[in-house]
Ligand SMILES: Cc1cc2nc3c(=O)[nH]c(=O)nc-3n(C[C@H](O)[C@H](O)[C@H](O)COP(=O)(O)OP(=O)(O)OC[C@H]3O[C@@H](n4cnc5c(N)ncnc54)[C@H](O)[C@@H]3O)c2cc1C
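For reference, the chain that follows is the form predicted alone, supplied as structure tokens.
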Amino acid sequence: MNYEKEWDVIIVGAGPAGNMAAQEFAKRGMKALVIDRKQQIGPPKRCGEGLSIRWVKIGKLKPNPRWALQEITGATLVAPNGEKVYIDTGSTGQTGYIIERSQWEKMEAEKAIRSGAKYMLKALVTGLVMEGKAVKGVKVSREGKEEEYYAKLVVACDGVDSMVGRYAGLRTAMPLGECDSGYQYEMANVPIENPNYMELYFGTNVAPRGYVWVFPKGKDVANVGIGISGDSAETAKDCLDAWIEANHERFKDASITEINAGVIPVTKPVGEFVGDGIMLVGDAARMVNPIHGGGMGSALEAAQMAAEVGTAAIKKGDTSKKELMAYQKMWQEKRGGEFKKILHVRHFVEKLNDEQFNIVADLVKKGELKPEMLVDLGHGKGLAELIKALVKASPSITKFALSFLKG
């Protein structure tokens, strides 16, 4: 298939950020091309596939049974000692879905195409066309040929391992300790206590600086995965396999239908989202919740912002870094403060030992902490309440805990 050489915007990556950016730019009358290295939109997945109703609404998504497989109305948190805490999020309207991401991404790409965007698959962006420090297009390896395509703006939506930002000279590298390693099996014939509840398991012997999840995708199908510190001496796969083996009775008749793995940034966003002629969106800019590692929803919102600012810049004839900084400012005003607070919560929670996690579970069971507060932590709220309750229950951690109230 042949493609025109010149475009208003070239979007690299056909994931949640790229598809939403393509829709939004196309709706605004921009001539948009999406380039993805895969031969099929969707797989391989690097995701637990949980999407909250908050982001469904922000993304203006209409849940479809093809991809919205299981509605989630609560969570079961399991402390290191096995104590279970049940959280009914449905009562506060904080519901969501476990999705089939490959189907969702393909359907979002179809929406973008119907809006006027074009897609180029099995094409690897190997570099950028530069004019001084300004990005003017992309270099592509496709079907054994080296080609160049030109655009007034390039939008990098190529994930946490984004090369496009690096090609443009933006600082996107991060230390191993600031990312998590994720590994997941989709499994069938898994006994599930409540298909409307996610299950989260904590403990240093379960997942170093992380957790194991069981996300139901139906009555007996689930994503069973783990996220651990990227600099852990153990691998995520080994930790997950050990946990499944420790729960042999539950999983003895289950089997794997799909394997997914990937790196999850759980740190602050990159310092600069933009350069002359380029924008970073979603995981490429590390717009990921540092507590649970979810990034699909924030990618949708950031893509909307990028399209708004990017379209105005293209129409103005000025896609300089100075002009595009309005996008970074917009994101920082909307989500920057929230993500900073969430990162602060993460730094506190990851320092809790198993005994302290058990105390938290016990406080909830006794009614001294509201279960909903544990959900609020994922939004950067409730840390002071948690610290005060912990200090009261275990005075020995006072100095350590109170230091986080000053942060």
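If you're wondering where the values come from, they're calculated on a predicted model, not measured in any experiment. Start at 1 and count along the sequence shown; that's the residue number.
A second form of this protein, the form predicted together with the named molecule, is not displayed here; the remarks below concern that form.
Contact with the named molecule in the predicted bound form, judged by any heavy atom within 4.5 Å, is made by just one of C47, I342, V360, L352: C47. None of G275, P208, G230, G294 but one reaches within 4.5 angstroms of the named molecule in the predicted bound form through a heavy atom, and that residue is G294. Contact with the named molecule in the predicted bound form, defined as a heavy atom within 4.5 Å, is made by none of Y3, E24 and G310.
Of the candidate stretches 188-196, 248-256, 277-285, 111-119, only 277-285 contains residues with a heavy atom within 4.5 Å of the named molecule in the predicted bound form.
The closest heavy atom approach of A14 to the named molecule in the predicted bound form falls within 4.5 Å. Although the partner is absent here, G96 is not a contact residue: none of its heavy atoms lies within 4.5 angstroms of the named molecule in the predicted bound form. At the 4.5 Å threshold, heavy atoms of K152 stay clear of the named molecule in the predicted bound form, well away from it. Using a 4.5 Å cutoff between non-hydrogen atoms, C157 counts as a contact of the named molecule in the predicted bound form. Along 106-126, these residues reach a heavy atom to within 4.5 Å of the named molecule in the predicted bound form: A123, L124, V125.
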